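Next comes just one chain, in structure tokens: the form predicted on its own.
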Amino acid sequence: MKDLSVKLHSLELRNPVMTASGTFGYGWEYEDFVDLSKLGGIVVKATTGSHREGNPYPRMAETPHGMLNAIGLQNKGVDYFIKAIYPAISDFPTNVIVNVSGSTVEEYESVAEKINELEKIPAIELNISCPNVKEGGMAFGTSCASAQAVTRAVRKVYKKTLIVKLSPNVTSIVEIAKGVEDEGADSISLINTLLGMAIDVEKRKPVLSTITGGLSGPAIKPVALRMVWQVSQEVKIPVIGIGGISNASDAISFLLAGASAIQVGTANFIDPSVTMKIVAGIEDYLERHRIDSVKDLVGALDVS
């Protein structure tokens, strides 16, 4: 047996394969397809301070080699999560990580503070791709100053592993990665979705009700891989790679580029058991290449 375990700050994962927020529900939706005990962790769907209905339909669209979504953080709020959802997922045999979202720094801070009290949630992932309503709607993650502000505020109230999820819709993702590291992030996950759109040419109208949405899936993998490689060269904290991972080869590419772990997103919709195949594929790769530990793959890209 090869050693598949990895560590993200104080968060210990049995293997580097996690699921991405918004693509795996709260975990129970996939129990018929996935042995949760064989996952490194699951990141549950976004949780905000209060109930959100999300955006009007249509809010999803298939694209070549990917999909667009504009769900709009639909959820029933953190208090409902604590009362109704947490008891049902707290005994899952894997790390359960909560994606925390908000429209103001204060909302992020409030949600994180409440999640901090939940004994069986060992980490949160800050979604800083949300619009900052106090700054004219610009996403927190597109400004280094605002990304740092929300990270700094949450770090003061959240005492466990703090992961910050970065937006790719920026000029320099390295600058923002270093900025949130300076403010106390324990790990960084990247990338969130790329901004895109689709048009129905017969109707001459946007396909999505919001006009633009987040592009995910295999089409974004080269961009994600490049950004993970760039960021991992410049920060000292662990990086989690996300973006178009559909098989073990994709996952290993991200590890070689510098990611300590990966998250699988859109591929869950195509094959609900894909994460199990990726875990098995990584183990097979280690066997074939006579590598004892998956940690030996992290950052092992030969660029000479």
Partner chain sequence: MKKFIHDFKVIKKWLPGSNHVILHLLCSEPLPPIKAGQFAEILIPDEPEVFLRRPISIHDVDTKNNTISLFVKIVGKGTYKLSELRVDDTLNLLYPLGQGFEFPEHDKILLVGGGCGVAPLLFLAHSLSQHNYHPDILIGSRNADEIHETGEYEKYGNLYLITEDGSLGEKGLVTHHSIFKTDEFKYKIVYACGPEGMLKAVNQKLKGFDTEVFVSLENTMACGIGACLSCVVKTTTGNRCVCTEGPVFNTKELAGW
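Quantities reported herein were computed from a predicted structural model and do not represent experimental measurements. Positions refer to the first chain, counted from 1.
FYI, the form predicted in complex with the partner chain isn't displayed, but the following is about it.
- Heavy atoms of Thr266 reach within 4.5 Å of the partner chain in the predicted complex, making it an interface residue.
- Although the partner is absent here, Val133 sits far enough away that none of its heavy atoms falls within 4.5 Å of the partner chain in the predicted complex.
- Within 4.5 Å of some heavy atom of the partner chain in the predicted complex lies at least one heavy atom of Gly25.
- A residue is said to contact a partner when one of its heavy atoms sits within 4.5 Å of a partner heavy atom; Met60 meets this definition for the partner chain in the predicted complex.
- Between the options Pro218, Pro122, Pro168, Gly196, the residue in contact with the partner chain in the predicted complex by a heavy atom within 4.5 angstroms is Pro218.
- For the residues Ile211, Val174, Met138, Ile71, the 4.5 Å heavy atom test against the partner chain in the predicted complex is passed only by Ile71.
- Partner proximity in the predicted complex, defined as non-hydrogen atoms within 4.5 angstroms of the partner chain, places exactly one of 36-44, 232-240, 247-255, 49-57 at the interface: 49-57.
- With contact defined as any non-hydrogen atom lying within 4.5 angstroms of the partner chain in the predicted complex, the contacting residues in 261-299 are Thr266, Phe269, Ile270, Asp271, Pro272, Ser273, given in sequence order.
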